[in-house]
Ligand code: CTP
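This document opens with one chain alone, in structure tokens, the form predicted alone.
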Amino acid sequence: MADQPVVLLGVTGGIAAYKAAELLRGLQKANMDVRVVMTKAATRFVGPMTFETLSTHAVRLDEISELTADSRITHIDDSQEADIMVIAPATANTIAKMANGIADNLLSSMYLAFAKTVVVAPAMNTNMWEHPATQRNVLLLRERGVFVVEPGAGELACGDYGSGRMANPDSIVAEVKLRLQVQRKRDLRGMRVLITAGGTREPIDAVRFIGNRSSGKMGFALARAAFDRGAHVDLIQANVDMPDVPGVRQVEASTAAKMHAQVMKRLPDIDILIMAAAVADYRVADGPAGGKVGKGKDEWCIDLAATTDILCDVAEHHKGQYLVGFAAEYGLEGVARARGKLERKKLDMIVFNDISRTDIGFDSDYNEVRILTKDSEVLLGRAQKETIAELILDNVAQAVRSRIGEGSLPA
């Protein structure tokens, strides 16, 4: 990849096409060389001259010949030169073509010919975005490794209010920068990484449970980032409702006991363990009741017993694997408790996040954490969980390299 990465920007026919000009400028300010390809419908909203003037490159259009002046094939040639492809706005029609392998215009042909990272920013009417066909197509793209920058909610051009607005150009630029950074990082190549995510649930009866709150977003972001860096990743998930992570082996473990069994089973074969899951500390002492317990009294006393502390058990049985824990604590005074867990559970690193804040953490796409080791403390300021995941792995990879020697891991 050159010092100035080349971005292939696809613009499709929606009212949000005007925002693509702002996106182009944002990519340029981030030191990227942008080449634009427009669908015929897109030219009805914004003239090609706008993008040609801003990018200083000829805009690729469906009307021109597929062959360049020196007889090279346009969609193959441009696809090979670019480092990343961004389609913004991406209409429901274009998303459907991408998902189903239809190449009936220059942009969709370029997509099929492009073998590197693709970022898509959908923009459409709320009903179109929420339609099962569109959601299925988006899911297919995610499963194939396309990164989707979710549309926002607000007033749409049609007058409706709801989801479907193209994401803010700054958010798209941030995603592109992140993806380009990941392409350059292969510091976990060949490493075997085990990650846990979500919150376990301990059944009381057939319908009730005791559980720990967690969306699993942080763990999933870590799994995706580790895979992108070249690691072999296993993800043990507990009660997470999120799309699968392409390339990652995923296993469901809904209770603390099941997660403990899955972790211990894989422990001998891994290099790095990252315990991002919120594992319940207690279970029903006598086991869950059969069926559903009826509401026949005002009070119901349940005896609880402690679940197995997975990381403590790992500490007793591991053979030099790099161990990372998470500590969800209330308030900054929780840093001291997190450091106590670091020492007590014999971890190499623990990631502290403050659950007293409402702008990060639970169910949020954002987080702010402190990375604690025996000799250091690093604050990672509020950012999207995908960015936090990358920064956490930066620290993990550096520590692992230092431990086993720079020459023992591939660059």
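In this text, residue numbers run from 1 along the sequence as written. Keep in mind the model is a prediction, meaning the values are calculated, not measured.
Although it is not shown, the form predicted in complex with ligand CTP is what the next lines describe.
Asks: Residue-level contact is defined here as any heavy atom of the residue lying within 4.5 Å of ligand CTP in the predicted complex; does Glu143 satisfy this criterion?
Replies: Judged by the heavy-atom cut-off of 4.5 Å, Glu143 is well away from ligand CTP in the predicted complex.
Asks: Does Val173 make contact with ligand CTP in the predicted complex, using a 4.5 Å heavy atom cut-off?
Replies: Because no heavy atom of Val173 falls inside 4.5 Å of ligand CTP in the predicted complex, the answer is no.
Asks: I'd like to know whether Ala277 contacts ligand CTP in the predicted complex, with contact meaning heavy atoms within 4.5 angstroms.
Replies: Judged by the heavy-atom cut-off of 4.5 Å, Ala277 is in contact with ligand CTP in the predicted complex.
Asks: Is Asn168 near ligand CTP? Define near as a heavy atom within 4.5 Å, in the predicted complex.
Replies: So Asn168 does not count as contacting ligand CTP.
Asks: Looking at 302-310, 127-135, 96-104, 229-237, which one sits within 4.5 Å of ligand CTP in the predicted complex if you count heavy atoms only?
Replies: Answer to the contact question: 302-310.
Asks: So which of Glu252, Asp187, Asp271, Glu329 reaches within 4.5 angstroms of ligand CTP in the predicted complex, heavy atom to heavy atom?
Replies: Selected residue: Glu329.
Asks: Heavy atom within 4.5 Å of ligand CTP in the predicted complex: which of Arg382, Arg357, Arg370, Lys345?
Replies: Result of the distance check: Lys345.
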